[in-house]
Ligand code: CMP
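Below you'll find only one chain, the form predicted alone, shown as structure tokens.
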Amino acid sequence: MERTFLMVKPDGVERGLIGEVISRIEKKGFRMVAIKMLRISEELAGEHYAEHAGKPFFDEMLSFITSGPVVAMVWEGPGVIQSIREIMGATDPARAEPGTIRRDMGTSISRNVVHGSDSPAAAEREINLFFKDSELLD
């Protein structure tokens, strides 16, 4: 069974969108196997966004993701990675399809409510960054 990582970012938490994000994914038939609210440290943020290190937006990205609490989740189901990517929509809310989380709730590229893994390798890496094996339900 495929698993993926999904995070409601500080803007989504602050605006009270956690339930709406979860509801949209549950309605697609996927099963949540882990959830936690936390405040991401600078160190964890750097590991999470390591592939963007050195890019012009890296420092701003780290500053934003550590600015408030996030909700980290693991979801499971057939084709869950691609399906959640479609439910989230394009990174830029202005370019996202109508009916997607980012189009409906995002306000800018940096404040787009959610982050989700984009591949099986990224999902495994991100799940392991945020969760211990004992925190994942079968």
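Residue positions are given as counts along the sequence shown, with the first one as 1. Computed from a prediction, not measured in an experiment: that's the story for all the values here.
The same protein also has a form predicted together with this ligand, omitted here; what follows describes it.
Contact with this ligand in the predicted complex holds for none of 24, 28 and 83, as no heavy atom of theirs lies within 4.5 Å.
In the predicted complex, this ligand sits beyond 4.5 Å of every heavy atom of residue 32. For residue 52, a non-hydrogen atom is located within 4.5 Å of this ligand in the predicted complex, even though that partner is not displayed. Proximity of residue 100 to this ligand in the predicted complex falls outside the 4.5 Å heavy atom cutoff. Contact between residue 109 and this ligand in the predicted complex is found at the 4.5 Å heavy atom cutoff.
Counting a residue when any of its non-hydrogen atoms is within 4.5 Å of this ligand in the predicted complex, the hits in 55-71 run 57, 61.
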